[in-house]
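Listed next as structure tokens: two forms of one protein chain, kept apart as structure 1 and structure 2.
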Structure 1
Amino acid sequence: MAGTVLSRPPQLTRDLTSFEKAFYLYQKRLNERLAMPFSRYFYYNKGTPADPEWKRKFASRKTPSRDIGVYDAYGDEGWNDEVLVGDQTGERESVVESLIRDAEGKSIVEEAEKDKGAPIAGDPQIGEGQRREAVRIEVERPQARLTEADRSGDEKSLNRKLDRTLYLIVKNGEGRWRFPEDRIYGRENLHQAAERILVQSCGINMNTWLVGNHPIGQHTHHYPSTSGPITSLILANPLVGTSKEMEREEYGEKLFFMKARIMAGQPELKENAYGLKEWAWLAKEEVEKKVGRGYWSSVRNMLAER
């Protein structure tokens, strides 16, 4: 028998651990201390509007880097480069926030009454003490790492768990969750069978590709010896030209898994040939909860950790 392990690779980078965040922030600050000074004149020409903007930003954060907080690397307190416990500077949200503030022309830290706007030029009577709002630049924020599907727990969406590999598992007629699987008919190969199984179980509404012609894992199951072999009648498969109707004794099953990746689309179980009832896109640890123990022990080592 052949099974198809259809997966969606991770779309996002993984979350950093707390140690990694602290380490990267420390290394960035250390680099500020050790690197040559920023060559301002090369990037901001004198007399251009970018020059005073740069000076204003630099004065507030004291360092050319935008994502390491307020830190004066060349000053007397440059040695104080380690952030205190509970500091949020190295967190992803605050790094993104400071980069966006910088792109919007604000300084990375909140300032009191300073970037409210420029004084109105022209009419001195009306303009006295009033401030015009400076041109507001809206920078598009990055999309959230958690999607709607994550929040609603929608296991059928491909947009869930963007930083993990998702696997397609289906619930068969007996109520067992497994990867899509079927017999091999006639003279077809494993990889031909894997492609056919995808079509016959989940329809043609998926854009997939088979990674290799070799199986990535196998699962063997012997029928209980007390009951003896099972005589099964195997009908010919309409999609395989070489298959014929036959009857044979079977002592168990050997299942070989083929690796496939999905690029677009979703399964459709309406016209599936195997009586499948349900499907889900699950990460590795969720697959463990759904499938049986024996099946899991043969499958676990071929699933990616992330």
Structure 2
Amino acid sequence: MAGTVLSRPPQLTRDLTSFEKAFYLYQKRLNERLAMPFSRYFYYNKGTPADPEWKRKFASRKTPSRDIGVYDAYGDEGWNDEVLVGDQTGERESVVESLIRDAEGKSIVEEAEKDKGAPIAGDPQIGEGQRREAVRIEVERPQARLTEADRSGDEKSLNRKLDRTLYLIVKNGEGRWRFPEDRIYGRENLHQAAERILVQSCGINMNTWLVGNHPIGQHTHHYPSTSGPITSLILANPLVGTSKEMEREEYGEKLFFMKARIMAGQPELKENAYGLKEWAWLAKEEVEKKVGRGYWSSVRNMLAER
């Protein structure tokens, strides 16, 4: 028999651990101390509009970098470049907000509005001496890592757990959850059988790719010895030209799994040839909760942790 382990690879990198966040922030601050920066006049000509804007931002954050918080690399506290427990400076949300505020022309930290009521010199009759609202620049925020499918727990959606590998499992007519599987008919090989199984079980509305010609694992199940062999009538498969109707005795099943990737589409079980009832896209630990214990012991080492 052949089975197809169809998966959707991660779409995002995983979240960093707290140690990794602190380490990367430390490395950025260490670089600020050890790498001598160019003079600002290398980037901004003196007297240009960009020069005072740079001065304003630099006075707020004490450093050219936009994503390491308020840090003076050349001050008396420059050596103190590690963050304390609970500090949010290295958190993804804080870094993103700092970069966006800088792109919008704001300081990376909230500042009190200065000289709010100070008079402005000029002739108001010709449009001078009037305080005008500054042009607001809105930078588009990045999409959230959690999707609506994550929040609703929709196991049929591929738009969930974007930092994990998801696997397609189906519920057969006996109520068992397994990977799509079927017999090997005629003279077809494992690669051909795996492709056919996807078509006959999940329809033609999926764009998939078989990764290789060799199986990535196997599952063996022996029928109870007390009952003896089971006589099975095997009908010819309409998609396999070399298959024919035959009858034979079977003592168990040996199932070889082939690896495949999905690039687009979704399963359609309305006209499947195996009596499948349901399907789901699940991460490794979710697959364990659905399948049987013996089946899980055979497939668990084939599935990626993330």
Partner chain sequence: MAVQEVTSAFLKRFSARPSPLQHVWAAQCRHASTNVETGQETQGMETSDFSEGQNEGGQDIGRFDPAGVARKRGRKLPPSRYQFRSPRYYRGPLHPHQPLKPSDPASREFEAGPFSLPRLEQTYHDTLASDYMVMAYQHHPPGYEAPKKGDRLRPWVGDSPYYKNRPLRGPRGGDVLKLLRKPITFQNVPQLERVTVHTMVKGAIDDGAYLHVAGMVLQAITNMRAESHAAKRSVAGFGIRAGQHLSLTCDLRGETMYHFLSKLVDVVLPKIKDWPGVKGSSGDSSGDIALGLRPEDMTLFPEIEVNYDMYPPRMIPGCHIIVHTSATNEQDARVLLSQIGIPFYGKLIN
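Reference numbering: structure 1, starting with residue 1. Between two forms, the rigid core is the largest collection of C-alphas that superpose within 1.5 Å. This is a predicted model, so every value here is computed, not measured.
**OP:** Decide which single structure shows the form predicted alone, answering 1 or 2.
**Re:** The chain shown as structure 2 is the form predicted alone.
Subject >> Rigid-core-superposed Cα shift at Phe42 between structures 1 and 2, Å >> reply: Phe42 C-alpha displacement between structures 1 and 2, core-aligned: 2.9 Å.
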